[in-house]
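Both blocks below hold the same protein chain, though in two forms, and each is given as structure tokens: structure 1 and structure 2.
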Structure 1
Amino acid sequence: MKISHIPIIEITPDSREWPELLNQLKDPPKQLYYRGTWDAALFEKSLAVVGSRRMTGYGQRVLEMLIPSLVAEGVTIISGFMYGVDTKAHQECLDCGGKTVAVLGGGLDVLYPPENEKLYEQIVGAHCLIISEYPPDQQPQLWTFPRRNRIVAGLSSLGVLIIEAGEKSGSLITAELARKLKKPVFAVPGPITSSACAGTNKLIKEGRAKMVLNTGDIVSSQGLPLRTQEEALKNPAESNILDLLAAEPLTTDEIAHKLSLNIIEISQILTIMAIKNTIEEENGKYYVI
């Protein structure tokens, strides 16, 4: 699929799709161009994930750890399509079947950075969004990237998460924008010896960002219960298992017998529950946490 063959759609503040979130900006864009599938639900639980273009191995591991569970919580990942943290955040999200929105610093027909051609196609193919406020053929300029950041911050309903940022990183601009918009700013701490984490560590130290150690720090800070736990209670098999285990710890075979379910189904359910942290296994027996 050639990118140029995919239609570009333009929306203005008068359009039905126009996201309400953007009107909170001091200088909202006059129009937006997008490729992909517009769905207002994308922005209901959206989180901007930004960070250094020069991502280290640490930043990569942090993303591999946090993004899957964010996706499991139904969070849309918004980022800037730049290399480093942005690219990894988009990619990781797509790999897990999550929803992502990329906000470009140039026009939609200008593929920048060029290495991300495949990612571009993947985002459109996964019914996600690629957005820009600039006309399709506008080349990205030094000044367009910081402007782009206000849209990234503006579209996120849960706040902005900064993964790795040096002391003068552009991500700090996004953090500042979010703060002005009164949106929560989250930062992942890093080694104090690493210059790649100097910016994020400083944000935490000065109390301008909330420290994030796991997904729960982001999702439940909004007063939202963890979706995965909520779902567990709604699922009849899972709530039956929770009831059984509340009385006594049991082995897989015992649970299967008591619920008259076959061992394959039970195994699958127990794994999912253990991943959601509703139950725990030790020496072959399951316990409620």
Structure 2
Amino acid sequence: MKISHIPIIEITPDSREWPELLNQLKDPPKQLYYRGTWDAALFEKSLAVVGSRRMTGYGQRVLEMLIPSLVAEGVTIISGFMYGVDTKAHQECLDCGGKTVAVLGGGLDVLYPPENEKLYEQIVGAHCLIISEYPPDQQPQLWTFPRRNRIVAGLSSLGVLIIEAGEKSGSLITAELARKLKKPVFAVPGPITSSACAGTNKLIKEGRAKMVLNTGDIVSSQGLPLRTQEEALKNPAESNILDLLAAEPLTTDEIAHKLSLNIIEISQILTIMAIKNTIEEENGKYYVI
């Protein structure tokens, strides 16, 4: 891998960085290895997002709807770096300028799945975290993934959100682990004709998960108020954009040019601001609400 030169740091329960959330586990890891930037604040408002490796178009649209608004609320997205929902959750979070933590089922020097090399680099480059309890050269095995799930559940302060899961999905293991830790379990309902949603629908039907239709169902359930506009605008770039739009409606290109910023970065910020209902887009131009 291109990032093999980036150092791997090991921490133990005696380390200053050790996340206290993991001490709630019956069998916490004896050590953690990580690449990236360790920041305890990542876990203060964190949500595990898990689901099917065979994500459908419906699951993709759900993530594209929920992740940006979760990022706008300052939520760190934790997932397992696998195909499908995991990968989409990490990627969508990064695309929105958010923070994400990937927990691997193998060592940090074993890229699995190999298709996620670019995502691995993006996570480290965005000052986020890639974590494993296994030695760097440990190959992932069938038994390592369920073990990984307890760390995913353990690191989530807000609970676990399940998006698409069949009746025998490994994501249901993570849901049960969260329940044993007395953490909330959230599930997005899906079409009753879809086998990919049979597990999530069953969790909701049996009262083992709270049905989620929007971000407020998650954040407000924890007694955490949705951010006010003043709190949401602590980002100087957002304030600068509002100042520009107060004078006249502008396109994305025009805003990027006036602020001398990358158009991709501006697009991410505009998406977040639209979710916060501070601006709206009409005919290609943005207006202050």
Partner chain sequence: MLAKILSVAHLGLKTVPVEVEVNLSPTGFPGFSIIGLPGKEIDEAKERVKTALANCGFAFPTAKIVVNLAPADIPKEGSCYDLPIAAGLLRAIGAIPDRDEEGYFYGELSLDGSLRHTKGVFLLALSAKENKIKNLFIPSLSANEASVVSGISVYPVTSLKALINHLNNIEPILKSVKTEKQDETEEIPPEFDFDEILGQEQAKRALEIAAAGGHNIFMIGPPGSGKTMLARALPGILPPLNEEESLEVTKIYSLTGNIPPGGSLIKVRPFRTSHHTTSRIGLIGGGSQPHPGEISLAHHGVLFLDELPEFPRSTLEALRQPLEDGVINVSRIAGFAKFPAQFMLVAAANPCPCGYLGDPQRECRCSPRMISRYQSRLSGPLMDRIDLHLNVPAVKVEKLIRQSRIQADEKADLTRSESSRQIRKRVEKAREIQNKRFKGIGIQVNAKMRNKEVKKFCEICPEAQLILKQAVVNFHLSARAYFRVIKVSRTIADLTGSDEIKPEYVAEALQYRTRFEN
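Just so we're on the same page, rigid core means the largest C-alpha set that superposes within 1.5 Å between forms. FYI, numbering is relative to structure 1, first residue = 1. Everything numeric in this text was worked out from a predicted model, so none of it was measured.
The form predicted in complex with its partner chain appears here as structure 1. Comparing the forms between the two structures on their rigid core, the Cα displacement of T12 stays under 2 Å.
Comparing the forms between the two structures on their rigid core, the Cα displacement of L70 stays under 2 Å. Taking the rigid core as fixed, one finds a CA shift for I241 of 2 Å or more between the two structures.
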